[in-house]
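Have a look below at one chain only, the form predicted on its own, in structure tokens format.
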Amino acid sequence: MSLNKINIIDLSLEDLISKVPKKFQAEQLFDWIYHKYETDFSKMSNLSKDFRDNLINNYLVGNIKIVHREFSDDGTIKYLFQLHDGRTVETVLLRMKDDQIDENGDMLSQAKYTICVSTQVGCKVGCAFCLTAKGGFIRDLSVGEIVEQVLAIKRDREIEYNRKGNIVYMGMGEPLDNLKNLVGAIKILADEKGLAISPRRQTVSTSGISTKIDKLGLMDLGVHLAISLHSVDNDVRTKLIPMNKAFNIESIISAVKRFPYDNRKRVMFEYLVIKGVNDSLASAKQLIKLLEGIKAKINLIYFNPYPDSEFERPSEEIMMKFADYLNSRGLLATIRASRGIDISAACGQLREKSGLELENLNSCN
């Protein structure tokens, strides 16, 4: 693919309208890409030949390709995407609920799904428990590279464009470290003439860059916020997330309290439970105190082990005690069902295992 061509997936509908002769042409093109999942301009039959020729010469639809998939028994599919420069990122399709069919074979409700999207190649945060961090930070993803993960999965699994799903920016990278492109992607995915994934169905998960939580909040996009907290003690959290030195727990909680939020919803706090590190009832007690006054939900997550990790998965008994303690004292807590545990579940594991990026880069040098 020529890097001189403009990737249409990088463009919002407003951007596209400004680049083509007529508004209806931009809307037709948007329909072909986001509703019909077409990537070949020559097959967009209701566009004029001159317009198609112009598109073929100057534009392309997408810059990423699927190079590997792993399928879990629970319906989770983990994708490895290769970008135009040979770099790779992971994206996960989580099937949350199956189709519900009545005795007559009629559809009662459609399957529910969530797509976990990456925003960077690698990551700057350097979390001690994260495999992605082992490879360091390479670069930000463009708007189009973020959007196309969703588009490519829907196309690959033949999920109708108007099938409602959720987007979580919780894959590789720190979303708020790529704020401009993240916001561009949120808006494109939300466009009513495209995939129409409401911002209320999009969640930004952050390790807690408090200054950028404030910037995102000032935009008032309507997205949900999830905080990767993982500890209630600054010393422990700094060991797990070195960035805590610059943005400590107190600064994060203050930013969360300033964030504009739908009063019907709760702020999600992700808490990765690691055996012997942050799984004590003393930590649970501190957590209750820390979140006092915040309408919060705690998502307790089993640590997913990977080869050579220094951390271990907690027992089911410890997880249940931790959750029960929080719930018994009025703090809503759930244990996230482990998905994809039979495949490369840990973020970065499929990319690490595949070696595809290394092969590609070696061949380019």
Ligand code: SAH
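Counting begins at 1, following the sequence as shown. Treat the numbers as computed from the prediction; the structure is a model and nothing was measured.
Same protein, other form: the form predicted in complex with the named molecule, not shown, and the subject of what follows.
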### Query
Quick one: which of 145-153, 77-85, 167-175, 253-261 gets within 4.5 Å of the named molecule in the predicted complex, going by heavy atoms?
167-175
### Query
Considering I249, C130, L291, L225, which brings a non-hydrogen atom within 4.5 Å of the named molecule in the predicted complex?
C130
### Message
By the heavy atom within 4.5 Å rule, which residue out of Y59, W32, Y325, Y306 makes contact with the named molecule in the predicted complex?
### Response
Y306
### Message
Please tell me whether any heavy atom belonging to T206 falls inside 4.5 Å of a heavy atom of the named molecule, as the geometry stands in the predicted complex.
### Response
yes
### the named molecule contact at E270 in the predicted complex, heavy atom, 4.5 Å
yes
### Task
Give a yes/no on whether R336 approaches the named molecule to within 4.5 Å in the predicted complex, heavy atoms considered.
yes
### Query
Do I318 and the named molecule come within 4.5 Å of each other in the predicted complex, heavy atoms counted?
no
